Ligand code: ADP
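Quick setup: one chain, the form predicted on its own, written in C-alpha cells, and binding and motion questions come after.
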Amino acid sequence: MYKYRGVKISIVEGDITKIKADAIVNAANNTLLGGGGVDGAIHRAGGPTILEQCKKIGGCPTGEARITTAGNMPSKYVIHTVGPIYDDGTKNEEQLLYNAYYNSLKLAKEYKLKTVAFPSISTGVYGYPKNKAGRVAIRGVMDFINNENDIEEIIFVLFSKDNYLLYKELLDDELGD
C-alpha cells in the first residue's frame, strides 16, 4: 500500500466485481449497454439492474463518467467511464484516458464516496499500451488528489499478474521511499 497526501493507494491482482468499495469503475463503451472484458464482467456480476439504469442514462462520451448502483456486487456503485480506443497516440488518446480517471473521481466526490476501485482502462480490446496507460492513470489520480480530493482510498484492481507488476513498478517509481 502507498500513501499520497493522506490518501491510501493500493494495487490488487484480482476480479474488480468482488471488490468491496464505495464504487468500482467500469471500463465501459459509449453505449453503456455491456460488452466484453471488465464491462461484460460487471454487467454479469451486477445483474439486470445495472443495464436498466444504463439504458435510462443513454450513453456516455469518451472521457466522461456516469454512475449506477452496483446491483448484486459488494460495492455500492459502479462508475461507468469510457476510455479511448488507442490508434497511434496522436488522436488525443492520452487526454481522453486522463479525463476518464479524473472525471470518475469527480463523480465519486460528488456522491461523497470515499473508496474507489479502478481497472486498467482502455488496455484490453481498446488497445492502449499498458505501460503508457498506467502512467496516465497514476497521473490522473495524483492530480485529482492534488486539486480537489475527498477520497480516502484508491484501489487499482488488475486482472493479470503482469499488469499488477507493472502498476507496482510505476507506483514504486512515483511514490516509493
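Only a predicted model underlies this, so the values are computations on that prediction, with no experimental measurement involved. Heads up: residue numbers just count along the shown sequence, starting at 1.
Omitted here: the form predicted together with the ligand. The next part is about that form.
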Consider residue 120 of the chain shown here, and say whether it contacts the ligand in the predicted bound form, taking contact as heavy atoms within 4.5 Å. yes
Indicate whether the ligand has at least one heavy atom within 4.5 Å of a heavy atom of residue 63 in the predicted bound form. no
With the cut-off set at 4.5 Å between non-hydrogen atoms, does residue 16 touch the ligand in the predicted bound form? yes
Might residue 164 be said to contact the ligand in the predicted bound form, defining contact as any heavy atom within 4.5 Å? no
Answer option from 36, 58, 47, 129, heavy atom within 4.5 Å of the ligand in the predicted bound form: 36
Could you work out which of 113, 27, 32, 138 is the residue within 4.5 angstroms of the ligand in the predicted bound form, going by heavy atoms? 27
In the predicted bound form, which of the stretches 37-45, 50-58, 142-150, 63-71 has residues with heavy atoms within 4.5 Å of the ligand? 37-45
